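Below sits a lone chain in structure tokens, taken as the form predicted alone.
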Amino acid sequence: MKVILFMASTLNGIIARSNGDEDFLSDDNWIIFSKLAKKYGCFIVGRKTYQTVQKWKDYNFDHINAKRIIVSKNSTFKLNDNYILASSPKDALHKAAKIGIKNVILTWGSKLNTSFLKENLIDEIILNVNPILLGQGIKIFSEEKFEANLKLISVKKISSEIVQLHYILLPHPTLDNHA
């Protein structure tokens, strides 16, 4: 199964303010995410992201035409209908495969992104770089010990303000490959 991490960030890799707000990101990012989720048929987010987005007025996951998997260590966490609860990155991919999904979009969540990366479960990264710098905030990946080598496969101007970088992850000799 192919896992594509899609993120929108500042030029210096911040995906949200320290309080979780993403008010500095263009709405174009949501539109692109929605199209990718529909194209691949499934997206995976963490519990905190799910709870945050469910409170948004203009956007939420309920309107995206794709399977929705939420990762939470809390096995009794209550989800709205049409969501699937998974306990870990591997459990999320197992559940996606079980319902016939071949590719998934992973998005929104520093800790979840890092968990997938550390388990060598990310195949590609699509990053929308927005024209802003923030000195503090939540980074694309949480600060943990890891290393990944990437190969740039495309650069695309999304709007007059946003550049999209598309990378594939290269095999890492100390990590096992996934199926």
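In case it trips you up, residue 1 is the first one in the sequence shown, and so on. Bear in mind that the values here come from a model prediction, so they are computed numbers and not experimental data.
The same protein has a further form, the form predicted together with a small molecule, not shown here; the description that follows concerns it.
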Practice task
With heavy atoms only and a cut-off of 4.5 Å, decide whether Ile4 touches the small molecule in the predicted bound form.
Solution key: no
Exercise for the section: Considering only heavy atoms, tell me if Gly20 and the small molecule come within 4.5 Å of each other in the predicted bound form. Expected result: yes
Practice task
Tell me, yes or no, whether Asn80 is in contact with the small molecule in the predicted bound form, where a contact means a heavy atom of each within 4.5 Å.
Solution key: no
Handout entry: the small molecule contact at Ser142 in the predicted bound form, heavy atom, 4.5 Å
Key = no
